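This document opens with one chain alone, in structure tokens, the form predicted alone.
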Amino acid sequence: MSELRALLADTTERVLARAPGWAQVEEAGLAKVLVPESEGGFGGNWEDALIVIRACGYHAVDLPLPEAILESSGAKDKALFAAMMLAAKMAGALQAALDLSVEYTRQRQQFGKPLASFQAIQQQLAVFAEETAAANMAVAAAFRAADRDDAWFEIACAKLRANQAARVSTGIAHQVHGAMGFTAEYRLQHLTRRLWKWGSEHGNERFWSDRIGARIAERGPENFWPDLTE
């Protein structure tokens, strides 16, 4: 990570971790991550924007920051890029829910031992970690592609994979937390309720599966492997 990108990551974490208002976000310049430096912005690319948008999901920030970044980007297909932004927020929320679940199972005692010491819990958390990593990797690939040419396929796959990961992982998160995961004062439900909501916005699993399948069928079987590995 470059020094400038590390500075952006540190600033983003410092601001968004404090449940900020819009004034704090604007003061930090997070909404201008894609705006050229000559116009008073950060002058970053989509990979830089990913740092900010993913953190919005991790900290469950209910501010129109992703929308402001998208509006400043000049992207032509706003609906497609909105799906990419939402997938990034989902990836961040999944990571936060995983971190919370790991911490809880290490602290919570059952039969005199931490929950994390039981093999059944370890297996569930392993699946959770796999799903979270897959969603984050798909999102990272989409944002890298957005800095190049046509990113439709990568964005479609990212939103589909984030939706799938949310469906599997939220169930595991609540299972390992037990009743605690449903209490209003505990952070988990703030993440999982958003993940359930976001999974149906800008295309659910069926929506993106149908469109990816249709695109592959249109290109023909002879192009499937070259398109996938290009």
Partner chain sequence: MPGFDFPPFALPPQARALRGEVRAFLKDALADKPSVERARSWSGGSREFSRKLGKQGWIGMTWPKQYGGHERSYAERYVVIEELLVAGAPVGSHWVADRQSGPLLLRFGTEAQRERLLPAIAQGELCFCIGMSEPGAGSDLAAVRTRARRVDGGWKVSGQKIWTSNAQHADWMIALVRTGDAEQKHAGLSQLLVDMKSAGVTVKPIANLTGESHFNEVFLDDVFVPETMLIGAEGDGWRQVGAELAYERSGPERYLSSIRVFLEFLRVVGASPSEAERLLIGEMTARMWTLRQMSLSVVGKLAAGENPAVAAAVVKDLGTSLEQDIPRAVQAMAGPADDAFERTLSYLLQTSPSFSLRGGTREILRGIIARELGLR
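Numbering follows the first chain given and starts at 1. Computed from a predicted structure; not experimentally measured.
What follows is about the form predicted in complex with its partner chain, which we do not show.
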property	result
4.5 Å heavy atom contact, residue 130 and its partner chain in the model of the complex	yes
4.5 Å heavy atom contact, residue 9 to its partner chain in the model of the complex	no
Its partner chain contact in the model of the complex: residue 228, any heavy atom under 4.5 Å	yes
Proximity of residue 47 to its partner chain in the model of the complex, heavy atoms at 4.5 Å	yes
Within 4.5 Å of its partner chain in the model of the complex: residues from 143-173 (heavy atom criterion)	144, 153, 154, 157, 158, 160, 161, 164
